[in-house]
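Here you get one chain, nothing else, as structure tokens; it is the form predicted on its own.
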């Protein structure tokens, strides 16, 4: 199948497939005499694996590690679990940071009158020096 069909079947755009090939994340497929890429079912399976990994927020390097573990039939599942749990901790840290940002912005918005007056505690906070923000 050509790159367009591989893209459709895997859910990975043709542009991203080319990129993943260029950085060595996936192995380049066979080519025709005219140098068109020819993808096999295994290539699509690998692309779906990459797509799922990326959808779950794994970095390209982590995805590379996961691919290597997936291909290594003698791997220890503990290695996969350790990588997954480290990623869970990163996601939880990011979620906490996002919650703190939302809480701060909600607090500022609550104190904004939202009327015709120019006073705006949101903008005042953004413009404040770091020491003044720490007091808020």
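Positions refer to the first chain, counted from 1. The structure displayed is predicted, hence computed values, not measured ones.
There is also a form predicted in complex with a further copy of the same chain; it is not shown, and the following applies to it.
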Does any part of residue 112 reach within 4.5 Å of a further copy of the same chain in the model of the complex? Heavy atoms only, please.
yes
Taking a further copy of the same chain as it sits in the model of the complex, is residue 64 in contact with it (heavy atom to heavy atom, 4.5 Å or less)?
no
Is residue 32 close enough to touch a further copy of the same chain in the model of the complex, meaning at least one heavy atom pair within 4.5 Å?
no
Give a yes/no on whether residue 27 approaches a further copy of the same chain to within 4.5 Å in the model of the complex, heavy atoms considered.
no
Residues from 80-103 in contact with a further copy of the same chain (non-hydrogen atom within 4.5 Å) in the model of the complex
80, 81, 84, 85, 87, 88, 91, 92, 94, 95, 98, 99, 101, 102
